[in-house]
Every structure is written in structure tokens, then in C-alpha cells.
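Have a look below at one chain only, the form predicted on its own, in C-alpha cells format.
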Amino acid sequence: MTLANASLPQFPMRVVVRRTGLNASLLRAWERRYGAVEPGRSEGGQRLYSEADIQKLVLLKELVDEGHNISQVAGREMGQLRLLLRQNGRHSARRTHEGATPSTGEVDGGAAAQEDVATRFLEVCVDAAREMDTEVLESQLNRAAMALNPSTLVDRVLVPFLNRVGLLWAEGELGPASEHVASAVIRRFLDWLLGTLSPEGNAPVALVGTPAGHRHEFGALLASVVIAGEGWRVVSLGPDLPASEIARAAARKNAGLVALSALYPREDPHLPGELRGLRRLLQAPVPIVVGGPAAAPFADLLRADGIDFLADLAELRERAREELPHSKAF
């Protein structure tokens, strides 16, 4: 192939996904956030990639498999990427627990295969949290994002990881510093994952946050990722917002869904009134859904006020799919 042909945008995304092993959402993230490649466009606006783009993406995938962060290598020239790979070949004494995880290619073989791989990633991440090894933890989370579909990543890696870290901290096996380090890495990763999954264009808007008096926002961050994965453009409101501010944001952003997380304090006596006030303040019949152990005791009361309590992220995923405007047309 000549140099000119190698630079010619001609391959659609499905070809690039097949040849590189990268899934489409990660490929878009590498382009948008890190400028890994700059695809051309067909007359209809479809992304088109060149042979050179594909070769670079293959090299980047191999480097990420070796433990490099994509942010550090995405902007390098092909020659530099090949040199890094040769250097890695000469100095390939990797951590043994890193070698126990699969490559970044998305795992085939159905739900059972995905869950098996997710379990392996989970154990590696918990070990990294114990050792306060942020580099390994970040690397493994990034690799899990490439190997697993978003729902398996959330349900089988992220949620169990946060539960395990909390349990280990409560039992004294993790010190406060280790717990804080792990939480900081997860927060950065969830922010990145949300950006990766967020749809382009004029997608419907969902607001996600926590109600007044509730400052623990990991539930809201996970909810944001789940909702974005179903095609919503998520606006993260952050923690501890009064009903009046949530309603104002919903009106300004023309939101089609409001999702709130209430983790702590448990059985907050002010929560039902706060959510009831939000229901009254919303100018349109925007669905309000709430999850978390603090809201669970009030589930029936909330439903009577037109607010749906969802028991877990699987229910949230299904509800977000149902409420998506185009899905209601069928």
C-alpha cells in the first residue's frame, strides 16, 4: 500500500472495531478526549478511518495492554509508539497480578464469559486498593472498561469493588488512607467513563444528583454512568441540592428525567417532604426516580406522590431505557 493510500479515510467504524479489538465507545473516547486519531467523514457524516489510523490504534491498544495510560501515549507519533513497545519487550517484568487479567479487546462468549473476566478484574482491583497502588488500580479499571460491556463493568466490577472497599475499611483491613485513595481513583474513573458513554448530538437530558442533606454521591455517579449508557445526556448536579435548585435546573435544561440517589443518612425524615416538594415544583410531568437505602423505607409513600423508588441499578437501567423518548414511539 502506498503512503497516499495509507492516509486515505476509507474504513467505517465497524471495520476498525473488528481489526483493532477496541469497542466503539472506547474508540470514540480516545478520539474525543485524547486526539488519538482524527477520522475523516463521509458525505453522510459517517466516520471514516485510514489504514494509518488503524495501525496507530493497534499500537496504542498494545501499549495500554502493557500498562501505559492512554493519555500519555495517544499524541505520540507511530515511530515513538513502536519504540515504546520494543522497550517494553526488553523490560517486560510486569507485576504477576496484572498478567492475570485479559487484554483490552472486548470479551466474547456471552454473559458467563463476561462475568468470569469481571471477577478477575475485581480481585486485582481490590488487591491494588490494599496496596494503595493507584497506578495498577487505574490501569486495571481502564482495561476493564475496554474488555467488558458497560453494564457488566458497573454491576460486576465497580459496585462490588466499592462494597468490598467499604467492608474492608469497616473491618479494619483497609486504613482510612487506603480507602480515600481508592475512592479518589474511582471518582476519576467514573468521571472519565461518563464522558466516554455520553452521547453526541441532541440527546435527551437527564439530571442526576442527591437531594438536600445527602452528601454521599457515589450512588449518583454510578447512576449517571448507567443512564448515559442508555443514550441520555447526563447533567451531574452534584450532592446536597434542595428541591428548588433541582427544579430550576430541570426547567433550564428541559430535562426528560430526574434521578436522585439517597445513601445516607438512613431513614432521613426530611427526605419524603423534600421529594414531594420537587414533584410540585417541576413545571412538566418529568419522571422522578430515586434509589438508595435512605429512600427504601419510604418507597410506598414516594410512589403515592408520583416518585418511583428503584431498588437497584438494573431497575434504573431498564427505566432509563423505557423513558428514552425514541423508545416510547414504538
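For clarity, a rigid core is taken as the largest C-alpha set superposing within 1.5 Å between two forms. Remember, it's a predicted structure, so these values are computed and weren't measured experimentally. Numbers follow the displayed sequence, beginning with 1.
The same protein has a further form, the form predicted in complex with the DNA, not shown here; the description that follows concerns it.
**Prompt:** Looking at the DNA in the predicted bound form, do all three of Thr152, Arg164 and Ser178 come within 4.5 Å of it through at least one heavy atom?
**Reply:** Checking in the predicted bound form: none of Thr152, Arg164 and Ser178 is within 4.5 Å of the DNA.
**Item:** Option touching the DNA, based on a heavy atom within 4.5 Å in the predicted bound form, out of Leu282, Ala36, Val64, Ile288
**Value:** Here the answer is residue option Val64.
**Item:** Which of 67 to 75, 249 to 257, 191 to 199, 220 to 228 lines the interface with the DNA in the predicted bound form (heavy atom within 4.5 Å)
**Value:** It is 67 to 75 that comes within 4.5 Å of the partner.
**Asked** At the 4.5 Å heavy atom threshold, is Arg47 in contact with the DNA in the predicted bound form?
**Response** Within the cut-off, so yes.
**Prompt:** With the partner left out of view, is Ala29 within 4.5 angstroms of the DNA in the predicted bound form by any non-hydrogen atom?
**Reply:** Result yes; Ala29 sits at the interface with the DNA in the predicted bound form.
**Message:** Since only the chain is shown here, I'm wondering whether Met13 would be in contact with the DNA in the predicted bound form (any heavy atom pair within 4.5 Å).
**Reply:** Answer yes; at least one heavy atom of Met13 falls within 4.5 Å of the DNA in the predicted bound form.
**Prompt:** Can you check whether Thr20 is within 4.5 Å of the DNA in the predicted bound form, heavy atom basis?
**Reply:** No, Thr20 sits far enough from the DNA in the predicted bound form that none of its heavy atoms falls within 4.5 Å.
**Is_shifted Leu282 between the shown form and the other one (CA, 2 Å cut-off, rigid core)** = After core superposition, the displacement of the Leu282 C-alpha between the shown form and the other one stays below 2 Å, so no.
**Asked** Gly67: CA shift of at least 2 Å between the shown form and the other one after core fit?
**Response** After core superposition, the displacement of the Gly67 C-alpha between the shown form and the other one reaches the 2 Å mark, so yes.
**Message:** Aligning on the core only, does the CA of Met13 end up 2 angstroms or more away between the shown form and the other one?
**Reply:** Shift at Met13: 2 Å or more after core fit.
**Message:** At a change of 3 Å or more, would you call the C-alpha separation of Gly229 and Val73 in the predicted bound form closer or farther than in the form supplied?
**Reply:** Closer together, by at least 3 Å.
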